[in-house]
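Single chain ahead, by itself, as C-alpha cells, in the form predicted alone.
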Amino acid sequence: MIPYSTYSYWEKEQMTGPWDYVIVGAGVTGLNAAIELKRQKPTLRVLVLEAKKSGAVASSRSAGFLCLGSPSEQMLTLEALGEAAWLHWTAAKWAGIQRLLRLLGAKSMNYKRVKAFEILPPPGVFRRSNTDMDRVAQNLQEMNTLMQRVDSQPLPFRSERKRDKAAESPLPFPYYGEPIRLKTQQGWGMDSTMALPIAFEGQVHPMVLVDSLKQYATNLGIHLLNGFPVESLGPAGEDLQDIFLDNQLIIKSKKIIICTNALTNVLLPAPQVIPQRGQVLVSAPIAGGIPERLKGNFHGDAGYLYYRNIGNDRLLLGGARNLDFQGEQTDRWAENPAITQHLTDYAIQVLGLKSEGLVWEQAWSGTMGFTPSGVPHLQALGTHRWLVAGMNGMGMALGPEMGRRVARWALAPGNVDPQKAGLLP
C-alpha cells in the first residue's frame, strides 16, 4: 500500500527545509527575531512557526498598551531587581517601543500617544495589593530621576531610518506627575481616590500590529506558517536539527530560536515560565460616549488592573488576576466569573459608570508568561538553539527588543551573554 500523507509532495518539499533558522512562536518577540535575522543577513532561509491559526497566544490578545509601567509597578520592580537591573530592563522596554515605531510607523499599528494615570482608590476591596501607595506617591521625584537616566541610555539602532515623526521621541519629564485628588462630583465613584499622572503611554491595535509585523517579515522573504504547533524537538547537539510537527512531518533546521513565552514549558522542561491568564472585557457602545476623564490608559491595584477607551464609546477593562493567582495560573482560555464580577463592580464603584448603561459586549483571555526572577529568560540551549521567553506581562514593549537581542546573539554566538552585557549592538 502506498503511504498516505496529509501533506502533498509540494508542501513537504517547501516546508521541511533545511532552513537556516526556524523561529518557534509568531508573537511580537518571534517576529522581531525573524525580522532582525533577515535585516542583518538577507540570504538566510528563515521560517516562523505559529501554533495558532490566527494571532498569537498573548500578542494579539492583549489590551493594546505600549507602556513602561505605572509608578507602583516600577517601584516594586526597582526594589525587587535593584537599581542597575531596573535601569537595564526599563531601558529595554523603551528600546522595544521605539523599535516598533521605527519598523512599522504609527499608522501600521493604529498607534496613538495618550495621557495615562495610575488610579488609587481608598484602601479596601479595590486596592488589594499591599503596596504602600503613600510611599509610592512620596518617592515620585526619585522615580523621575531614574526615568531620566533611562532616557539617556543609547538606543541600539539609532542609525535606522525613521518611518514617520512618531518614530522617535524623548521621554517627557517629569515622567510621573504630582498626585491629583479625584472626587465624586467629577464623576468618579468614590471620594478620596487619587490619580498619579504618567506623561507618556501609547495605545495600539494588537492584531493590526501583529499583522503588520507579519507583512514586514513576508516582504523580507521570511516564511510564515500559522496553525502548525510544534510537538517536540530532536536532539540539541545535531548539526541539522529535527522539529516535529506531527507524526508525518519533520522540519529540519540548522538553528532554532524558541519564542513561546507562556507556553515554553509545554516544549521545554526548563527554565520555568509560569503561565498567567489575563481576562479582558469590552463594553458595548456607551450611550453618550466614554467620559473624557476615562479616555487614555489607566492602571490600578499596582498594575493588576488596566483599562482604556476604544474609540469614543467603548471601555476595555482587564486584569485582576490577583483575585485568584492559583486559578489564573493556566494557559486555558476561559472566563473566571469572580473576576468578571470584580471588574464590573470596579467600573461602577470606582470609575463611576452607571450600571444600567454598562453592558459587556465581549470577554476573552490571553496568556502571559512570568519568570521567578521577574526578568525574561534569554539563554543559549547548546550551540544551535536559543530561548527567549517570560516577558512578565510586558511583552508588547519588551518583545521587540528581546527578539532583536536573541537574533543578534544567534548570528554571533561567540558574543558575551547579551542579558548581562547591556543593550547588544
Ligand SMILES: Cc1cc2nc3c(=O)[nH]c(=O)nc-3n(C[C@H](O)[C@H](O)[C@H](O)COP(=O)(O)OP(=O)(O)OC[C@H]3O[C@@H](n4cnc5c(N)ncnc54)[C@H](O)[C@@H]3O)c2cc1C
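One rule holds for the numbers: they count along the sequence shown, beginning at 1. Because the structure is a prediction, the values reported are computed rather than measured.
Omitted here: the form predicted in complex with the named molecule. The next part is about that form.
Student: Please tell me whether the candidate spot formed by 229, 261 and 306 is one where all three residues come within 4.5 Å of the named molecule in the predicted complex (heavy atoms).
Tutor: The answer is yes: all three residues contact the partner (heavy atom, 4.5 Å cut-off).
Student: By the heavy atom within 4.5 Å rule, which residue out of 323, 280, 114, 137 makes contact with the named molecule in the predicted complex?
Tutor: Exactly one residue meets the criterion: 280.
Student: Can you pick the one in 396, 387, 46, 35 that has a heavy atom within 4.5 Å of the named molecule in the predicted complex?
Tutor: Comparing distances to the named molecule in the predicted complex, the residue within 4.5 Å is 396.
Student: Can you say which of 36-44, 379-387, 353-361, 366-374 gets within 4.5 Å of the named molecule in the predicted complex, counting heavy atoms only?
Tutor: Result for this chain: 366-374.
Student: Please run the contact check for residue 62 against the named molecule in the predicted complex: heavy atoms, 4.5 angstroms, yes or no?
Tutor: Yes, residue 62 sits close enough to the named molecule in the predicted complex that at least one of its heavy atoms falls within 4.5 Å.
Student: Could you tell me if residue 22 has a non-hydrogen atom within 4.5 Å of the named molecule in the predicted complex?
Tutor: Output for residue 22 is no: heavy atoms all beyond 4.5 Å of the named molecule.
Student: Does any part of residue 290 reach within 4.5 Å of the named molecule in the predicted complex? Heavy atoms only, please.
Tutor: No, no contact at 4.5 Å.
Student: Taking heavy atoms and a 4.5 Å cut-off, does residue 133 contact the named molecule in the predicted complex?
Tutor: No - in the predicted complex, heavy atoms of residue 133 and the named molecule never come within 4.5 Å of each other.
Student: Going by heavy atoms, what in 1-37 lies within 4.5 angstroms of the named molecule in the predicted complex?
Tutor: The stretch 1-37, when checked against the named molecule in the predicted complex, contributes 24, 25, 26, 27, 28, 29, 30 at the 4.5 Å heavy-atom cut-off.
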